[in-house]
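Form predicted on its own, single chain, as structure tokens, below.
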């Protein structure tokens, strides 16, 4: 457990990501991920199938090979809403929505689970749709994102929670993305979680080459 006054600010974990695209092709990626609350940069240090880095920062996703930038695109992931940031700040159970422009629309009970429907404020209702979350024992079990037209876009299931130094963290996440050309699925597994590591500062505070 955390000692009195101790705050969590870093997380490291070994990861594996199994992806299956809509066309049936598959891909496996493995490595170690690093995140520091102060730097707010997610670094995936990839060891398989090829060595390299994937960096998510400032709404951009950058791919590096041999310390050279090979690709840079707009990221759909914002570090502040990543599972790492939300877990470290104690907001994973509501995915950070409690402090967002979303408001609770409906709360229901279903077989011991709390099902909460969140809806965006009127200023964004034409751009994004509702979000439905499932919680049990104060843990996030699932989240589903919809379009303004009520079409299911993305669903994530959070499984196999582990507790490290008082932090509850899901070690298996199953994500399904729904598109016109079919469904794609991604299964992410985390192992060997380390919190507040004082070594590897260059990885936690990773800076892109100029």
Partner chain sequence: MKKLFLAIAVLFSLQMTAFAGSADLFDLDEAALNEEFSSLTQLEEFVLGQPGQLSLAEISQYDDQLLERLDLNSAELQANMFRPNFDLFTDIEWAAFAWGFCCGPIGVLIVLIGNKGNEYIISSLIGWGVSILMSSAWWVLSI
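None of these values were measured; they are calculated from a predicted model. Residue numbers count along the first chain shown, from 1.
We do not show the form predicted together with the partner chain, though everything after this point is about it.
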Candidate from 41, 177, 167, 64 lying within 4.5 Å of the partner chain in the predicted complex - any heavy atom: 64
In the predicted complex, residue 108 touching the partner chain (heavy atom, 4.5 Å): yes
Exercise: residue 132 in contact with the partner chain in the predicted complex, heavy atom 4.5 Å: yes
is_contact(residue 196, the partner chain) in the predicted complex, heavy atom dist at most 4.5 Å: no
Contact of residue 200 with the partner chain in the predicted complex (heavy atom, 4.5 Å): no
Interface residues of 142 to 175 toward the partner chain, as seen in the predicted complex [heavy atoms, 4.5 Å]: 142, 143, 144, 146, 152, 155, 156, 157, 159, 172, 174
